[in-house]
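As structure tokens, one chain now follows by itself in the form predicted alone.
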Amino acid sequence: MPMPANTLRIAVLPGDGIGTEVTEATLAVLEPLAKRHGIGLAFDSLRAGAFCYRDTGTAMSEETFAAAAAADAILLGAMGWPAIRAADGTEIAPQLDLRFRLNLYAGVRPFRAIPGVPSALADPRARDIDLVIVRESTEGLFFSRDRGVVTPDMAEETLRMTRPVTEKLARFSFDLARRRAAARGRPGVVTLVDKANVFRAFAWMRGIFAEVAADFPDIDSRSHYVDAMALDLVRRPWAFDVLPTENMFGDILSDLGAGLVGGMGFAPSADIGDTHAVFQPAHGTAPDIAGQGLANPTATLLSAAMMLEWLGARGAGQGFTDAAAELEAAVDAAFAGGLRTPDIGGQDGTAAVARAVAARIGVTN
């Protein structure tokens, strides 16, 4: 059967461990979804990751990088393996190479309470959790990746932020808050998470956000110290909307956010730049359950929904936007209908989730 005229090419990097399993489950759902909405998705499977490094000596070949960069979007499973490390002792992480080389400065981490998925919080307001951490993904403390200085008596890493990237992060965050406000029918709020009471770099970051905020008078602009935010994400996470922050802070707070909505299996993400984007679950490769069919693919499914929405917003067509909304709705309907994965105490494994979500395509609207 010929592909639709609006067919886009998706570079698929399944990666390692459960990455291959959750990717397979997601592609199985995207096939009927694409057919229903008349959109074309051509998948190019590419090898990269820790086992690729073990077998070939490189975690991601230049040919693979070029193919991924040429695609319309990149869908990634999970990469890394504890027993496979580089000479300096760090884990293999070509997903970070993609972020830096493609200038994917906005790490978008949405956390939303899904119907039927138990929350770690007893407060009934936990069902209203719907926030987004926007993690700057190319600078901050991660600027020191492969640059750190280590001697027998000292170890030093450098945090660096630049005005162009910080301005882009600020504008991205306010734009996102404006779109969310329009969709949800309530005011948007951007809360910068920093440590401006101690570090000059974060006080400088606040100044840039204040400059950009002036262009968005309809969006409430606030700031919060990172330690207080760690407390308040447990105490009142339903009170927050869009939370931009430095790279390392965003990395840590993202795991806390996942814990509020059911765990890492429910935590999708996107790394977005001006011209490229990578979509992947926020979890790792889970060696303890890899190959057993137990991995929860929900985070990857929701990452795929983010991918479709991003493609639609970039002009791919309304069909992509509609497909994104239906995929998210199908996930909600499946869990509201009793789907329970092992990570939340159930018995429904990877394939069962894919079947349950696919069964609701065409039924949820």
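All residue numbers refer to positions in the sequence shown, first residue = 1. This one's a predicted model, so the numbers in the text were calculated from it and none came from an experiment.
This protein has a second form, the form predicted in complex with a small molecule, left out of what is shown; the following refers to that one.
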For the small molecule in the model of the complex, the stretch among 263-271, 179-187, 105-113, 153-161 with residues bearing a heavy atom within 4.5 Å is 263-271
Quick check on this chain: which one of Gly250, Gly259, Gly140, Gly284 has a heavy atom within 4.5 Å of the small molecule in the model of the complex? Gly284
Three-residue site Ile18, Asn296 and Asp343 fully in contact with the small molecule in the model of the complex at 4.5 Å by heavy atom: yes
4.5 Å heavy atom contact, Ile289 to the small molecule in the model of the complex: yes
